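What follows is one chain in structure tokens, specifically the form predicted alone.
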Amino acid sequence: MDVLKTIPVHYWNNTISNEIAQTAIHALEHGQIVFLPQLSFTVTADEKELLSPHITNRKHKNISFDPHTNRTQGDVCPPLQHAQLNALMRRYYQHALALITSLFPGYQKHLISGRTSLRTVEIAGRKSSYKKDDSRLHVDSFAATPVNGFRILRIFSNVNPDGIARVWQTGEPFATVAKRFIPHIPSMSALEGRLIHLCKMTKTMRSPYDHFMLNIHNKMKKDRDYQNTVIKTTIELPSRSSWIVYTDQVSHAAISGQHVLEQTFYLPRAAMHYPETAPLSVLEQLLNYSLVIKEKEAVSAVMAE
């Protein structure tokens, strides 16, 4: 199966044929990257000054925007430029929401909006701890933000003004990754989850699902032999293109590139067209027990992101 599934979409808020929508949802939920080579996000001439690593606070890897509070953080812009940055990121959030609504209408009632990010810093050569090193193959999981089985759906747009592609690598299917690492991960007790939350290491209770996903994420990145020997596919994602991917399912690494906008959404497994492909389903089949807490607490978890 090819890593990329190319979909002919030209506009963010467009009428999508049922045939294209069905093709896109099947590809997305079965672990492909839905590639939109003709869908670009316009950065105006005035906004291009924001495409600089110098506007990012050194304490942050990315600049982030919270659509629930309309606040942008992680930048060092003066007030007028900060307002311009805030408007840019809100506009990208609105475009991304319109795209998901038109391409995957079945998701609309169930989506929870996460943060928007602007990634202005070049990936290649960036130094970090192995857990934060996104140039190593991994599936997404958040140490401080439990998702309790909700999917992590992300939209990316390469807005590099110099026409430079963003380079990714992808690895094994999630089921293969899980079978490789799950035997080396001990189970988490309910008491452990409560203690982690009481110590304010997580925003909400960490579920067994989050425990296993976080350990898979960390073990993948830490295992140098795995990183060096696993079969990888290198893909170039051109400037002025966009792509959609479940980053909790697709093993991926960002190798090089600069100036990308990204929007995160969360989706419950029950809203999927093919729920059996969700990481939660794969892990529960391997372990033979439920890995999630109550649905109400799950919603609270992702809303606290």
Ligand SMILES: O=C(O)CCC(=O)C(=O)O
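Don't overthink the numbering: it's just position in the shown sequence, from 1. It should be emphasised that the depicted structure is a prediction, and the values quoted were computed from it without experimental measurement.
The form predicted together with the named molecule is left out here; the points below concern that form.
Go through T247, T277, T56, S40 and name the one with a heavy atom inside 4.5 Å of the named molecule in the model of the complex. After the contact test, the surviving option is T247.
Quick one: of F212, F156, F174, Y92, which gets a non-hydrogen atom within 4.5 angstroms of the named molecule in the model of the complex? Filtering the options by heavy-atom distance leaves F156.
Can you say which of 26-34, 249-257, 45-53, 64-72 gets within 4.5 Å of the named molecule in the model of the complex, counting heavy atoms only? Of the stretches listed, the one contacting the partner is 249-257.
Since only the chain is shown here, I'm wondering whether H138 would be in contact with the named molecule in the model of the complex (any heavy atom pair within 4.5 Å). H138 belongs to the contact set for the named molecule.
Does W168 reach the named molecule in the model of the complex if we count a contact as any heavy atom within 4.5 Å? Yes, contact at 4.5 Å.
At 4.5 Å between heavy atoms, is R119 in contact with the named molecule in the model of the complex? Contact with the named molecule, yes.
So in the model of the complex, does D134 come within 4.5 Å of the named molecule, heavy atom to heavy atom? Although the named molecule is absent here, D134 would touch it in the model of the complex, with heavy atoms inside 4.5 Å.
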